[in-house]
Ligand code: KMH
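One chain comes next, on its own, written out as structure tokens in the form predicted alone.
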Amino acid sequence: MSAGTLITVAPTGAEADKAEVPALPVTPDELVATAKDCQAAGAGIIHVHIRDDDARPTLDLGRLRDTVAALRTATDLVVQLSTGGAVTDAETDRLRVLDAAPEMASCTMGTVNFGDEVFSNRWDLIVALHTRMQERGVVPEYEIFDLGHLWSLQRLLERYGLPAGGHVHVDLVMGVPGGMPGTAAALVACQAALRALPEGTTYSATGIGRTTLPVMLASLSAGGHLRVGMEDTLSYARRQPVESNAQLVSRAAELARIAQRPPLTAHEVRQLLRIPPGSGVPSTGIGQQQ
């Protein structure tokens, strides 16, 4: 069991509507202010989706680059870009996210029903994301929406090798309609599959909506880490909307302290995940790949 807790904040996502959720950070200034507050509250990683001028999800490369630069300037947080985007985004745009040179990026390990939509992740796309991240020194967080995705990850690593830095870290996304439930029993089932992955593999757990607290408590008790944020839940408690992402990070940090596994700093997170110095900076010509 880790002596500390890695806390990732996912502040925006691609689903919530700014008009309905005014506290959702969608502009660059809002995202930077949120990142500062969340780092102060105990976050070590920020999982980033961006929006356009109309607050709609976008994978615009210029905006992504500017966002990475702004977050690096304003905070010490590990910047992790989402290559998932919205369920409607093209594979070419999702691959191009890596051209923004983040330290980390997500890599979803399989297709999953996502509410009424389908979040498509073909095997060829997964391989392309994994191998391009290896080339660029970008550390992946493997997103697991269902138990079978862990077996897909085992297959990926056996065929194409370990990720940049050599450490495997996954995020168990639990409670999505169409994926695995957000329960302690599901987390225990995932732990059995995790044992088939390379020694030292770590995991965070994300509980969507009302599963946020059960998943958080189950993960802490089992030695896992945490992801929280307004991408994953807009309710702090029954009939109590979330006021800010920092509110969610503060609750996670306090529970981690109660569990005697206090939040890890960004520096400690980089050590845990073996993020290489200069991670994400593309080599000559790599940024031209499509």
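In this text, residue numbers run from 1 along the sequence as written. What you are looking at is a predicted structure, and each value in this text was computed from that prediction instead of being measured.
There is another form of this protein, the form predicted together with the ligand, and it is not shown here; the text below is about that form.
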{"property": "Segment assignment from 146 to 154, 161 to 169, 111 to 119, 187 to 195: heavy atom within 4.5 Å of the ligand in the predicted bound form", "result": "111 to 119"}
{"property": "Heavy atom within 4.5 Å of the ligand in the predicted bound form - residue from 126, 101, 86, 218", "result": "86"}
{"property": "Heavy atom of residue 206 within 4.5 Å of the ligand in the predicted bound form", "result": "no"}
{"property": "Contact of residue 106 with the ligand in the predicted bound form (heavy atom, 4.5 Å)", "result": "yes"}
{"property": "The ligand contact at residue 225 in the predicted bound form, heavy atom, 4.5 Å", "result": "no"}
{"property": "Residue 24 within 4.5 Å of the ligand in the predicted bound form, heavy atoms", "result": "no"}
{"property": "Contacts with the ligand in the predicted bound form - residues in 12 to 37 whose heavy atoms fall within 4.5 Å", "result": "14, 15"}
